[in-house]
Each structure stands twice: as structure tokens, then as C-alpha cells.
Ligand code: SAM
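Okay, so here's just one chain, in C-alpha cells, the form predicted alone.
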Amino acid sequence: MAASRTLSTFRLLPLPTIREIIKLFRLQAVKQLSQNFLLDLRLTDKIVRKAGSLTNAYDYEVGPGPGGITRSILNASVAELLVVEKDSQFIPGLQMLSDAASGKLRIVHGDVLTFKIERAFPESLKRQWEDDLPNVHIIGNLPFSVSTPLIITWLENVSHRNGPFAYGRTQMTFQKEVAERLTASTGSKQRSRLSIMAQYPCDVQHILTIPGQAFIPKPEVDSGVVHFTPLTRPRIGQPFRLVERVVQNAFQFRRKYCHRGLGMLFSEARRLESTGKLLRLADVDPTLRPTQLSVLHFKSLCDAYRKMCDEDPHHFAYNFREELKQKSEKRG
């Protein structure tokens, strides 16, 4: 009990402000990476509160930068915080923060795309998928340069229950410019491939909007904070790669009728016939736009496509770009 009281009353030792850290270490936001610094600790505290209770939790922060959100996470009485930062300019400031955190902060100078988070925390934290959520959280400001591939990687990890989800249904809360795309509803202009890929395996909520003027330098758009909770059972019961293939093709021509992009799943010689069969099996109107397709529509399309691939494995092996390349070489 004494240890629990110690955790719940933890506060960081006195530190320079984030603005002072930026000046002290001459930190610069890299424009090519769309880096922006959030200096207001009241806002970073709010982001962390929106993530839910972090008391005694094990947290994994991506892209800590100068450490604004990092401070708020530590002040939320976590058991341990692991940060992964690729940009070497931020490491000295994070080390100063680690020295003030009484052993609660671990710093990895590395790449989030290759870091093996499933080996980072105690085995005792692992839960069965259908059980209560594990006391493990992902939180942070996703690096712009890797945000979409990182989100897709995590969503595939959800599907395979590995990576950060080897512990169970790990929750994620992060700040991102694409928040509206992640949570966009059927028919919305923001509806995209990312919307479907996020919403079919997870409950996704846009929980907070941070005005652009809160950042230095000020970005062109406001930033959203989204919260992900993996579902015990995904809304589409097909392999991740199959779902990704169907969704990606459907959104290739987002302003045209959906049959146009879905047709790219099939070879040119059989495209018209096979696309018609797919849409009939799925009972989907071929004149719907991709943005008008619900997750339920995609479930039907993925189930129908799986049936067609089981009947003819050549369908899944087909790549329309490879066919175009071969035709171009023949003409050359």
C-alpha cells in the first residue's frame, strides 16, 4: 500500500520550462518533418487526462520531442514511461527529464518503425484478448513523416495481436493532423482508406481539438487528439492484408463510382465480369462513391472477395500495376 501511495503522489523535480529547454539546447522544429512544439502544459495535461487513468500504468510515448507530453504523463503517476525518439537533438533535454523522474523514464534513441515494444514491458502485464484492457498505453504526438505507415502498422498489429498488442487490447491516444480522416463517418468528405482501416478493428474517437496557435511554429491546421480501443472482435472478419487490398483499391478513384476502383482487383481480361460478380455477391450498389461505403459495405465486399479468391487464387495474386508495366514493356 505504501508503494501505491508513493506512485499516486509522484511529482517531477523542478525543471526548466519547455520554452527554456528549447532555448537551452537550441532545439529547432524541422520543417521537412512538420515538427511543431506544444508548450502549454495545461494542454498536454488535458491530452493525458483524455487518455484515461494512467496511475501505475506502463506507457509508451512516440515522438516525445522536447518533452511536453512526457512531463504530463510522468505527473499522471505512471509506473514507467518508455519514450522512443529518433531525432538526436531532443535526447539531452529528455535525459534531463529522466534525471528528474526518479527512474520512471526510459529513453530509447531509435526508430519507432523498427522498435520491438512487445519486449519492453513485464510479461505479467499481458492479458487475454477478450479480458479487461491491459495497463499499457500508447500516447504521444506522431512524427508526421511516419504517421500513416505507423498507424497502418499498429492496425495490422491489432489484427495479429502482436507488437504493442501482445499485451492485449492496448489503448492508443495520440495527436495527429489526420484525426478527422481517422474518425470520418460514411459520406463525409474526409472519409478515406485510413477511416475504414482504423474503424473496422477499433473503436476510434476524436476526443480533443488543439488550436494551431498553441504550437510553435504554428501549423496550417488545428490538431486533433484521437483515442483507439481495439475491439474484442473486428467488424470485418478477414485477414488484414485482404481487407487492406479491397479498401485500398476502392479508394483509388475516390470521386468515381466504387466499381471503378474495385475493378482494379481483377485482371483486365476478366475485369468487367469479375467486378460485377463481386458487387452482386456483396449486394453493393456499383454507383456508390467510395466515401459512401460503410464498414458494413466493406465487410460484405471483403467476404465476397475472399470467396472469389478461394475459388480462384489468381485473383489475390493479381497486381494491376504489374500488368500495366508488362503492357508498357511490350509496346516499347
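One rule holds for the numbers: they count along the sequence shown, beginning at 1. Just so you know, these numbers come straight off a predicted model, no measurement behind them.
The following text describes the form predicted together with the ligand, which does not appear among the structures shown.
*Could you tell me if all three of Asp87, Phe90 and Leu142 have a heavy atom no more than 4.5 Å from the ligand in the predicted complex?*
Checking in the predicted complex: Asp87, Phe90 and Leu142 are all within 4.5 Å of the ligand.
*asked:* To verify the annotation, which of these, Met264, Leu279, Leu38, Leu288, has a non-hydrogen atom within 4.5 Å of the ligand in the predicted complex?
replied: Of Met264, Leu279, Leu38, Leu288, the residue with a heavy atom within 4.5 Å of the ligand in the predicted complex is Leu38.
*4.5 Å heavy atom contact, Gly110 to the ligand in the predicted complex*: It does: once the ligand is placed as it appears in the predicted complex, Gly110 has a heavy atom within 4.5 Å of it.
*Any chance Asp59 has a heavy atom within 4.5 Å of the ligand in the predicted complex?*
No.
_4.5 Å heavy atom contact, Leu301 to the ligand in the predicted complex_ = No, Leu301 stays farther than 4.5 Å from the ligand in the predicted complex.
_Ile69, heavy atom within 4.5 angstroms of the ligand in the predicted complex_ = Contact check for Ile69: yes, within 4.5 Å of the ligand in the predicted complex.
*Tell me, please, which stretch of 290-298, 60-68, 303-311, 268-276 lies within 4.5 angstroms of the ligand in the predicted complex when heavy atoms are compared?*
Among the listed stretches, the partner-contacting one is 60-68.
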